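The chain below stands alone and is given in structure tokens; this is the form predicted alone.
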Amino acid sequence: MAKQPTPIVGLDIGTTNVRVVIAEATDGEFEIVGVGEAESRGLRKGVISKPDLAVDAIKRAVEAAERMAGLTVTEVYVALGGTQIKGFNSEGMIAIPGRQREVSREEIKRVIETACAVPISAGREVADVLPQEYIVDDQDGIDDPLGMLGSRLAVSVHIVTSPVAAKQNVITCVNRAGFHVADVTIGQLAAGEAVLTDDDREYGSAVVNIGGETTSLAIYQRGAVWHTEVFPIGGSHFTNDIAFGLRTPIPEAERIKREHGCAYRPRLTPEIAADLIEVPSVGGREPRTVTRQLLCDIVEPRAEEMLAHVHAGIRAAGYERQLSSGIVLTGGGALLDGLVEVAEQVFDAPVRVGLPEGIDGLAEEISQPGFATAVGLVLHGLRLSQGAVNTTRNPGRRVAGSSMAGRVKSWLGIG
């Protein structure tokens, strides 16, 4: 008898939108069968501020995905975000006991615990531990040392911490919506899972996930995560600037940004620059018209400012000249016309928009940067539940690293 498909659900609770992706997995193969989206309420800068509104948004998004998939959701994988997410690198080393001096699971667990034995501020907890590389005696660059022989085992890890309350509030809201949280992972890491290739991870790349009120960064090198950071600026800041500059309500400013916004002046030909946009006024006053050139004059400086913050973060981390695969923009804010060109000037590196492409099922519905995190959560869930999954995109995706990270979280009681 054929094995029943197992539904894996990714839930991305963003500041402006809640997005849900449902996949069915059977015998290592998976397919997207349901997609849901709802306007997000009750979040500020990626952190839940009004639980009742957040619970309602979660329910609406999941119900939309359930109707499309014809399935009932009970368990979800959730992303954690917000400017209070902090990451840092740490190292640990142990001696390998015994005559055989063979690295066992126990030694791997022990060396990671040693690397994690660092002081953490009160009110914070470890949200994720990501092994970067192992060193057995003097041999470095090892992904998984299990079974190797040596006298000394060392490890480098990236540790992500978050406020205890922030994570617990997310779990509580999901539970109140009627769902069990299978695992919690960091938003930009989930997005990177969906949009990066093995080459991107190996040769150096930065994922810039542009959300509503925050922009998060993850730097990959030699197949692992080496830096994470979150900046308190996102797509809603463009909207606010347009609303203030054109004296129009926020919903109209958001519509104008999506339909006519451009962040790069050279993309506007003289004819396009002169195009007129009708701008609704406030207080019952008559609508006005402005040119697309004026709109670009408002948007472009904000785009440069946002990307300059990210560039400063990359430079401070020491990776400015080590990102051979370039910068990958993703998240709903990456859709802004001209943002790639501005980013190439700011970063002085190749830039592309990262889409969760090449996945079986509802490809058209998820082939947009706003769904990168939700799709990445599905992939993360598949790794944890099955160890390895066949995908038609990114052949050779680094399953071993994801599986190891999952084991580490299990060992340390994270999740």
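Residue numbers here begin at 1 and follow the sequence given. The structure presented is a predicted model; accordingly, all values stated were derived computationally and were not measured.
Beyond the structure shown, there is the form predicted together with a small molecule, which is absent from this document and is the topic of what follows.
Contact annotation: the small molecule lies within 4.5 Å of heavy atoms from the stretch 328-336 in the predicted complex, the single such stretch among 328-336, 243-251, 141-149, 166-174. Remark: residue 236 counts among the residues lining the small molecule in the predicted complex, judged by a heavy atom distance of 4.5 Å or less. The closest non-hydrogen atom of residue 79 lies beyond 4.5 Å of the small molecule in the predicted complex.
Using a 4.5 angstroms threshold between heavy atoms, residue 258 counts as touching the small molecule in the predicted complex. Contact check for residue 14: a heavy atom falls within 4.5 Å of the small molecule in the predicted complex.
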